[in-house]
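What follows is a single chain, given as C-alpha cells, in the form predicted on its own.
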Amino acid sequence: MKKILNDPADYVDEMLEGFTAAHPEFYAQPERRVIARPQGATKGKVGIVTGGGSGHLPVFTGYVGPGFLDACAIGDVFASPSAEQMASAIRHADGGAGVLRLYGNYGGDVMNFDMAGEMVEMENDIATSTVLLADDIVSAPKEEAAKRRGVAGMIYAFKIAGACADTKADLAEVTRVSQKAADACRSIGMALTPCIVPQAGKANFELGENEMEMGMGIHGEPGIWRDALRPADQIVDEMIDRILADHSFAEGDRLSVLVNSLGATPLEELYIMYRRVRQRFADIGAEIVMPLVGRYATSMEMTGATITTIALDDELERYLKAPAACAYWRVG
C-alpha cells in the first residue's frame, strides 16, 4: 500500500483539519466529525444536512456552502457517522424553520439518521424531514427502486435543495422539491481498479489487469458483469442504454449530465466519455443543460467513472442554475 498518511487511525480527523484550514470561507468544524458553515445557521431558512462515510470527497462535506448544504456529519472511511454526530449536524443546521435530512440510501446512514431525527425532535424541538437518494439503477430493478443505493445523483439533489431552501420556502416545500430532484436522477458506474481503505491497508476487491466491471458501487459493491476492458464509446453506450431503459428521454427534453471520476480517472478520459454522452442525447434530440465533468463523488483512488442524468422541468432547472458556492462547485 502506498498512501500519504501518518497513523491510519488519524486519517479522517487529520483530513478534516486540513480541509477546514484550506477553505475557512466555506467550512468550520464546530464539533468533531461535524462540518458546518462558519457563520452558523441562517435564521428562518430550512437547514439541509447530509452525512456519510469519508473517502468520497467532495461528497459529502465538500458541498456545505451557500446555496448547498448547511452541515454534514462525517464517519470513518466508508462507515456511517454516529447518530449523535448526525444529531449535532442537524442542530448546527437549524435556523428555526426545520431541517431536511438529505442523504444516500445506505443501511447504517438510514438507521442513524432516523435516531438522530428522534433525538433532536425530543431534545431540541427541531422539526425534520427526510429525502433519500436512490439513483444507482443497477443496484435494484426499477420496480424496487426504493432499495437502490444513492451515488452521484446526490450532487444534483444537494444543489436543488439548497437553492429551494434559500427562497425561504417552508420545510414541506423544500422536501417536495428535493424529492422531485432525487426521483429525476439516474446513475450507473464502472470501474477499472479497486481502492485501498487506509485502515485495511489493502485493495477492497480484485480486478484483473485487462478487466473492467460494469455497475460497481462507490464502496466496491459488485457490479452486473466483469469482462475484458472495452473501448470508451462502447462503455458509454452501454451505460446510456441502461439509463434510457430506466428513464426515457425524447426530442425536446432537457437534462443535465454528470460524468464523474471515481478518484483516479483523469479529466481527459472523462471528456472522451462526455463526447459520446453528448452524441447520444443529440441523436435523441434532447438538450443537455449545465453538464458537469470532473471529480464530484469519488471512491478514494478507484479508477472508473459514473454517469448521472437528471431530467429537468422549469422548476428543477431554475433551482439548478441558482447561485451557489463551495470549494468544489460554484454556480453564478
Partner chain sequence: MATIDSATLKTTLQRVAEGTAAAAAELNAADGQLGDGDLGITVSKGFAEAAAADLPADVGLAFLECAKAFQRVSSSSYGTLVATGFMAAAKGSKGSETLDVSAIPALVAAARDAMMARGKGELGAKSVLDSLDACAQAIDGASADDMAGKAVQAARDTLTAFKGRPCKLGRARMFAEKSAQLDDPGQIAFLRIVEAAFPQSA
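Positions refer to the first chain, counted from 1. Because the structure is predicted, anything quoted here is derived from the model rather than measured.
Note that the form predicted in complex with its partner chain isn't included here; everything after this is about it.
**Message:** Taking its partner chain as it sits in the predicted bound form, is Ser256 in contact with it (heavy atom to heavy atom, 4.5 Å or less)?
**Reply:** Flag for Ser256 set to no.
**Request:** Would you please decide whether Glu123 lies within 4.5 angstroms of its partner chain in the predicted bound form, comparing each non-hydrogen atom pair?
**Result:** Yes, Glu123 sits close enough to its partner chain in the predicted bound form that at least one of its heavy atoms falls within 4.5 Å.
**Item:** Exercise: Asp183 in contact with its partner chain in the predicted bound form, heavy atom 4.5 Å
**Value:** No - in the predicted bound form, heavy atoms of Asp183 and its partner chain never come within 4.5 Å of each other.
**Message:** Under a 4.5 Å heavy atom criterion, is Glu221 part of the interface with its partner chain in the predicted bound form?
**Reply:** Close contact is absent here: in the predicted bound form, Glu221 is far from its partner chain, nothing within 4.5 Å, heavy atoms only.
**Request:** Could you tell me which stretch in 92-100, 241-249, 136-144, 108-116 has residues with non-hydrogen atoms within 4.5 Å of its partner chain in the predicted bound form?
**Result:** In the other structure, the partner sits against 108-116.
**Message:** By the heavy atom within 4.5 Å rule, which residue out of Ile196, Ala83, Met212, Leu171 makes contact with its partner chain in the predicted bound form?
**Reply:** Residue within 4.5 Å of the partner: Ala83.
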